[in-house]
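First come two forms of one protein chain, each written alone as structure tokens, so that there is a structure 1 and a structure 2.
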Structure 1
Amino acid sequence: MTEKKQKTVVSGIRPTGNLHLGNYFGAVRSFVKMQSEYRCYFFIADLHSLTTHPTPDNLQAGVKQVLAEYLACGIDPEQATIFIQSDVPEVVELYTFLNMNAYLGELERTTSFKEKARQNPDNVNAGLLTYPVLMAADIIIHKAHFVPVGKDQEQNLEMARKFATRFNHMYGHRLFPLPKPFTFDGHEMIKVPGLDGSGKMGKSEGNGIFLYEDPADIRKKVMRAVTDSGPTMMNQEKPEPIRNLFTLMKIVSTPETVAFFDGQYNQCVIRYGDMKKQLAEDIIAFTAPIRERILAIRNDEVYLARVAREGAEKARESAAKTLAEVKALIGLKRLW
């Protein structure tokens, strides 16, 4: 086993909406590479999604969709452990133990909790408050060394490190490694912009192109993308909405196509309609094979059930071993 393969990586995604181009280029594409280099646990965080009270049908559909999309993108259950969070009850048990040493003040100060409480003042539930504790349990139960996280989750990862440190210190045993953020190589880090002129592509912002998206919908979305009235000076700096269009084009189009429209812009003769049409067709060409695989896998419920079952077995084996060590240190393992 290589030195890298001895290191453990853990990452989870909530089953709230389909994966989009930002998810693919920002994370999933790197996961596919990582699975051959590290011991990887990729899970679908259905327990985390309960803070927003999805209906049972929506929850089940979301889990099934994300599992199919992970597989369609190239995550291999023979190389990585892919599982559904709620299939590993050991996580919830560790979550309970960690909650006993998580303090109200520090949880109330987390940025994610304050933002969620502000956005949804009628749904400030305990699950939102202890979200970082459950996230910590997800990570440290597999003794993760690395966690790929975006900027919005950096504080929660720091909380996981705090809870691991606190447990190690309290029980005088370095049981948990302190998980570090996984840093991708510079050329692998791609921030995919949204179609609304600013910010990054997101699930809930309504500015994304989904891997599962129908070609007709892709064309409509791209043609509605924010632009301006066009350049008025040769070689002038591109405003953010236009830079975003070019960034998307660099991701899915040929260098020659990008160079053509860049030249058109610099010469003040660009027709945004033509650029958008080309961009839409290039996105469709890129996503089409992934969409076909998603459709095929999503309809193969026998295969999906097998992947989920085998993933749960592997994840539970890892989790149970850690939990037994935790119980022994706490004093919950009976010696009589």
Structure 2
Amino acid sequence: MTEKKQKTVVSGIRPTGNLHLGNYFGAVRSFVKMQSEYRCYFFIADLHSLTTHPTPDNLQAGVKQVLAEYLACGIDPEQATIFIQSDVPEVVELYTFLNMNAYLGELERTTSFKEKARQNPDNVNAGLLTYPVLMAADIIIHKAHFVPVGKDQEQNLEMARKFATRFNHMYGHRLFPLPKPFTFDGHEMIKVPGLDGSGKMGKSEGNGIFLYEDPADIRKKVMRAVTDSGPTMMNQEKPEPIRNLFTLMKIVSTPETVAFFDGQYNQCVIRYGDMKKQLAEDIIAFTAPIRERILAIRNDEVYLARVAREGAEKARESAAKTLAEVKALIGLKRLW
């Protein structure tokens, strides 16, 4: 085993819809990169998705779709452990233990909790409040060192470190390593923007461009992207909607293409229509092969079921080992 394979990586995605460019460039791209070098656990966070009460049919379909999409993106079950969160009940047990040391004040102060409570005041459930605790359990049950996630998960990851530290202190034992964010290029955690003027690309934002999306629909979405009437001064600063267009272009297009349109912008001769056309084609060049693989894998239920079953076995083995240590430290391992 190489030195790096001894370090552990954990990350998950909720099965709340098809994967979009934000999921891919914020997370999945790193999964693919890391799988050959680290001991990786990548899962489908079906329990986390229950906070928004999906119908059983939607949940079934969502889990299957994300599993097919993980595989289509190149996550290899021979290299990484791919599993479904609810197949590993040990996580829920650890979540219960961690909940005893997670405080109402700190949970209520979490940005994503406050945001979701504001957006859906009729559904401020306890699962939403303790969401970061379940996420901490997911991560530390495998003693993860690295967690590849996008910028929006930064605070949840900080909380995971906090809960791990608290447990270590409380029981006077360095059982859990403190999980660090992993970024693809070793720099900033990334936020893929939407093309609707402001903010991030997200499933609930309704502004996603999906890996599975039909090329014609991608063209339509990109051509509709919010812009302005164009720069009026040479080298002027770009307003947010234009910056977002460039950010997306930096992600999917070549540096030469970005430099070309940047030059055009700075010279006040940019034609947003041309830029959008180019951006749409570059997105499609990237998503089309993934879409084909999704189509090929999605209906192979025998294969998908085997991947999920074998992944669950491996993940449970790792989780059960940690849980036994946790229970012994807490005093739940019967000594009589």
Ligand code: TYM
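Keep in mind that this is a model prediction, so the values were computed, not measured. Between two forms, the rigid core is the largest collection of C-alphas that superpose within 1.5 Å. FYI, numbering is relative to structure 1, first residue = 1.
Comparing the two isolated copies of the chain, the second one is the form predicted together with the ligand. With the core held fixed between the two structures, Glu78 has its Cα displaced by under 2 Å. In this overlay on the rigid core, Cys40 has a C-alpha that sits less than 2 Å away from its partner position between the two structures. The rigid-core alignment places the CA of Ala285 2 Å or more apart between the two structures. Fit the two forms on the rigid core and the C-alpha of Pro255 turns out 5.9 Å off between the two structures. Per-residue C-alpha deviation between the two structures, core superposed: Pro241, 3.4 Å.
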